[in-house]
Ligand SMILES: Cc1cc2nc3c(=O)[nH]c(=O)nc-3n(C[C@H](O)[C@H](O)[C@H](O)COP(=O)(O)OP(=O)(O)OC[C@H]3O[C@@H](n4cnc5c(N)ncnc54)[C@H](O)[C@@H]3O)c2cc1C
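Okay, here we've got a single chain as structure tokens, the form predicted alone, with questions on binding and movement later.
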Amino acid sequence: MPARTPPAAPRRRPAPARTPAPPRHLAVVGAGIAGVACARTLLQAGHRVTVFEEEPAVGGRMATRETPFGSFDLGAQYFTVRDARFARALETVPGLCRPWSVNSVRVLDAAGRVVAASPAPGEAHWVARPGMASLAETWAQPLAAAQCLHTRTRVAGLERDRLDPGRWELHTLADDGAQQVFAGFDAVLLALPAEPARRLLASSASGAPLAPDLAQPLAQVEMAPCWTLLLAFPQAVRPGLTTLGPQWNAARSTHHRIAWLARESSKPARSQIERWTVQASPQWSAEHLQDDPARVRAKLRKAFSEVTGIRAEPALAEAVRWHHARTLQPLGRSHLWDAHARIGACGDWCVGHRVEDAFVSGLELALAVA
């Protein structure tokens, strides 16, 4: 008996190709790592993007301060690379970032004694060169080239577009006091710390909440401030003496005033002049948030001497205040997106406090919108 030929499988119709979303005009408020990652992704997807940044330069807490004695990383001291998408993004800027041979980060008691070391096995501490700000600045170059980046421009209010209520308009205030209205945005994406984002969404002249579904999640996020002290000791650079004080280059401290210390001059491609960045503890920073900078500088210098044993007079001593520095209670998801209101929010505070947390948050918000 001849073998039966199996019946032909039913022919499947090919799935219809996904129609890409039509180009839209999107406002991104904030040009830290999250905002830059978000805006770049949207620009690459073919959308029109306008980015607003209050500071003179992009980067947010990836900030670098230039001084006559060399540069200081004011905020983020280094970054890790755990997310594959972040690793691929770093491959677009070959040679810009290098591992910081910090060995292990010491853990100090209140008197400055080393009680432990906290290396992350197999995990490098990366820094951008010549400063941490270089990474955000390089990634933001396509935004500047497209003339869609507005620095020194604070977004003071957000309203429905008066000529087209289906869109948004932003009210801005420049450094020189000039006010301007930017209109016609299909969506607004806030790459700001949670509290400033919440305040901006409550700024409507009508008093009605602009994105009710975002208010409660934003209110649950908790961030701590940070006072940062910058110190330079050029007298350490002379024959037979290259450093002052301890032989370690980075440490976490249990001193009630200080949480982190780093020898800036130990980072790759930095000036050899002895420089230290000292970050105060979240609790102490919150207690002294409104103190005069001179008083903060004096108290942190005293604590620095107690921890490091360095009692030399610095040629530079400057205190810098960050109102929103470290995430204590994260959102618990990568971003916020209200599709009905067409308002979103992103930042490291969504999932943690790392540089790559900010990058992933901005990327995933852009993908959700695009």
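On a predicted model such as this, the values are computed, not experimentally measured, just so you know. In this text, residue numbers run from 1 along the sequence as written.
The same protein also exists as the form predicted in complex with the named molecule; that form is not shown, yet it is the one meant from here on.
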query	finding
The named molecule contact at residue 154 in the predicted bound form, heavy atom, 4.5 Å	yes
The named molecule contact at residue 307 in the predicted bound form, heavy atom, 4.5 Å	no
Any non-hydrogen atom of residue 325 within 4.5 angstroms of the named molecule in the predicted bound form	yes
Contact of residue 189 with the named molecule in the predicted bound form (heavy atom, 4.5 Å)	no
Whether 47, 343 and 366 all lie within 4.5 angstroms of the named molecule in the predicted bound form by heavy atom	no
Residue (of 133, 76, 261, 140) lying close to the named molecule in the predicted bound form, criterion heavy atoms within 4.5 Å	76
Interface segment, criterion being heavy atoms within 4.5 Å of the named molecule in the predicted bound form, picked from 22-30, 328-336, 38-46, 311-319	22-30
Residues of 36-64 having any heavy atom within 4.5 Å of the named molecule in the predicted bound form, listed in sequence order	52, 53, 54, 55, 59, 60, 61, 62
